[in-house]
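Below you'll find only one chain, the form predicted alone, shown as structure tokens.
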Amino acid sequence: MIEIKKLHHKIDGNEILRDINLTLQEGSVMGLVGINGAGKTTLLRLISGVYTAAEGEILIDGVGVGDERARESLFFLPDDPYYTAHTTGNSLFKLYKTFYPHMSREVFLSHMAGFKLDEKKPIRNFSKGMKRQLFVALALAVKPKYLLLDEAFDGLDPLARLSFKKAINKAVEEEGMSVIISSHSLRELEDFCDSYALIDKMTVTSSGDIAEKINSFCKFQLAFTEEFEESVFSGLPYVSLEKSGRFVRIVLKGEAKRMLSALEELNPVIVEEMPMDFEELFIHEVEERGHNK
């Protein structure tokens, strides 16, 4: 388990994160979300020990991130990993092997073959998506207990994304690996993760089970026979309302069946429930706190 308690951090005197409290349970895949500059990458670097927190603590199975046991159980894959002009998959494997002696070459080659990558070719000739797959193969060969991924889907085509998710899911299911993944691809996270943490205005403003969070909201489309004022919805706990003539699309906070009964009392000609997704939820959560208003 990863525990983050009362974490504060500054870079060059500027406050980046404030009072972060978060827990990653074993065997969980957590999506770390937030607008650009929210502090997602900084938090991953703090967890991995690349940065040292100004205040607070981060515990990996009860020990601090500076402890050798914590470092050995964790692998951090940044958005743009470092490599030289002549680096190959093979040379990278040898380098990482010095830090993770238990690293499996068999697992590495298996994933390289699955991704259709040549471990002998210089990485400089790879596309961004191919480079990402290579480093994922390295990460999975380490078999870390905790895997941190920053913008993991960036540069991957649909087929590569599918292969990537299958490989990670297999490691989670078969080896009990826990994952924190930062991404702007929220629809990918909804399919891939079981929990989430939203960083906004330097702190974690919302976290928990993704399915439960989505189910706490509902969305409907309605049509009326005559023009109406938006004030007719004033007694309802709506978070978003889009009106176009006699039609309206509304997102409400609450159980769908109960909200449907309340909407039917307004006598619409048509009332239809629509699917709610994680991306919409993210937009509403962030806008509610003052962004893009």
Partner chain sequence: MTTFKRYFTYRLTQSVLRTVVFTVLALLMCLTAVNSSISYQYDFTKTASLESVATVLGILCFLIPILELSGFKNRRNLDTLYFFPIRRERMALAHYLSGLVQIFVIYTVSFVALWLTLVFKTDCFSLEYMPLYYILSLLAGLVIYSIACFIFGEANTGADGILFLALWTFAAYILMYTVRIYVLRELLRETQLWPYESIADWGPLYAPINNLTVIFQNLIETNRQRDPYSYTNSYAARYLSQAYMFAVWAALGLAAAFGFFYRFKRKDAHLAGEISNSIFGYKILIPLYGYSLLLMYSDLDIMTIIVFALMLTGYFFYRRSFKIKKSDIIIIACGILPMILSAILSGM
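Treat the numbers as computed from the prediction; the structure is a model and nothing was measured. Residue numbers count along the first chain shown, from 1.
Keep in mind that the form predicted together with the partner chain is not shown, yet the notes after this line are about it.
Quiz item: Only one of 29-37, 241-249, 46-54, 225-233 gets a heavy atom within 4.5 Å of the partner chain in the predicted bound form; which is it?
Solution: Only one stretch qualifies here: 46-54.
Exercise. Assess the spot marked by 254, 258 and 268: is the partner chain within 4.5 Å of a heavy atom from every one of these residues in the predicted bound form?
Key: No: none of 254, 258 and 268 comes within 4.5 Å of the partner chain in the predicted bound form.
Quiz prompt | Non-hydrogen atom contact residue 72 with the partner chain in the predicted bound form at 4.5 angstroms | solution = Yes.
Quiz item: Is there any non-hydrogen atom of residue 80 lying within 4.5 Å of the partner chain in the predicted bound form?
Solution: Flag for residue 80 set to yes.
Self-check item: residue 95 within 4.5 Å of the partner chain in the predicted bound form, heavy atoms
Solution: Residue 95: contacts the partner chain in the predicted bound form.
Practice problem: Spell out, yes or no, whether the shortest heavy atom distance between residue 283 and the partner chain in the predicted bound form is within 4.5 Å. | Solution: Output for residue 283 is no: heavy atoms all beyond 4.5 Å of the partner chain.
Quiz item: Looking at 220, 164, 217, 76, which is the one with a non-hydrogen atom within 4.5 Å of the partner chain in the predicted bound form?
Solution: The residue in contact is 76.
Quiz prompt | Within 4.5 Å of the partner chain in the predicted bound form: residues from 1-29 (heavy atom criterion) | solution = 11, 12, in sequence order.
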